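Taking the form predicted alone, here's one chain by itself in structure tokens.
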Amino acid sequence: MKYAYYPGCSLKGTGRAYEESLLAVFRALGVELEELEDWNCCGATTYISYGELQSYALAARNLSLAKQMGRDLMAPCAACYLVLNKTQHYVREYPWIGQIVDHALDAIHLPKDIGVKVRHPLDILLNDVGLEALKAKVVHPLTGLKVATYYGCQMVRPYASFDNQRNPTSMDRVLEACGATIVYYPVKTHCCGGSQKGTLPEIGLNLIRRLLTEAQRNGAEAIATVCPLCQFNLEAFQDEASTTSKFHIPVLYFTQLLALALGVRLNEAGFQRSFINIKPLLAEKEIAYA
């Protein structure tokens, strides 16, 4: 199995632990990833609010490059996954947008065909690798570890091509295959506030607090996520969000938990980058790690 890999900006910066654990997991599973050469920002966040059409052209450039590789394009970041899919849909559904994007690609001498299949790692793990193959590779089961799976609002809306928009379960099934216990988490697709913590601090903090409160209320010992901004918000602002009770919940990328189960060394899966040390929790649960 071979895929084109689009890391996006966050996985090379604040979400570096996501990339480290992702690459380690796919190596352990024998899946080959080839990073998209000369990729650029997908145009998420402020780009689309400042210049929507330009943001589609930015995303389309990556899609055109991937199409030339002749492989499905894997996009781990929830925002990148959304924007790349959205660009394809808008180019198809709104001809005038398609004409502008075509003109932009012509100007930089790239093919207009952007019809590459955009895949999320969870989709590939479930539907290409398969849960049985994943289970066979587990060397350190996550037995007894209670995890709240937080999908956020972008991976499943509006283009939930491989999961349910209202009640996604793909991450649940993948982590359960590694031995984890998935707790009830009714806010798993609610927004974390995104960048609102920086622009509307109290609103952003209230959204973060609600997510942490629900995880704690339902007995979660860790939160797993698929989005670098969600991971940052839920981990970095726990002290500020604490009120009557103090939050101290590890917030990890789902790929970090997979890497742990597959025997990848903690420092090779980005655990050293976390604010909250997971080793005491692993010792309490008697979960082995490399």
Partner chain sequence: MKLKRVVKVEAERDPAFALWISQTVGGERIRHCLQCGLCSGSCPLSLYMDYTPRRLMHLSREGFKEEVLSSYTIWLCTSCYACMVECPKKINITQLMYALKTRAMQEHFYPKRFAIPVLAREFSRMIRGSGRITESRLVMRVFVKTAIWRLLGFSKLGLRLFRTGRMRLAREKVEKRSDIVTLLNVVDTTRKELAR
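On a predicted model such as this, the values are computed, not experimentally measured, just so you know. Numbering follows the first chain given and starts at 1.
Form predicted in complex with its partner chain: not shown, discussed below.
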Name the residue from Leu126, Leu207, Val116, Leu175 that puts a heavy atom within 4.5 Å of its partner chain in the model of the complex. Leu207
Identify which of Gly130, Pro201, Pro111, Gly144 has a heavy atom within 4.5 Å of its partner chain in the model of the complex; exactly one of them does. Pro201
Does every residue of Ser10, Glu52 and Ser195 put a non-hydrogen atom within 4.5 angstroms of its partner chain in the model of the complex? yes
Looking at heavy atoms inside 4.5 Å, which stretch does its partner chain contact in the model of the complex, given the options 212 to 220, 159 to 167, 132 to 140, 180 to 188? 159 to 167
Does Asn267 reach its partner chain in the model of the complex if we count a contact as any heavy atom within 4.5 Å? no
Contact label in the model of the complex: Ser242 to its partner chain, heavy atom within 4.5 Å: no
Classify Gln231 as contacting or not contacting its partner chain in the model of the complex by the rule of any non-hydrogen atom within 4.5 angstroms, answering yes or no. yes
I'd like to know if Arg71 sits close to its partner chain in the model of the complex, meaning any non-hydrogen atom pair within 4.5 angstroms. no
Stretch 89 to 115 - residues with a heavy atom within 4.5 Å of its partner chain in the model of the complex: Tyr90, Tyr94, Trp96, Ile97, Gln99, Ile100, His103, Ala104, Leu105, Ala107, Ile108
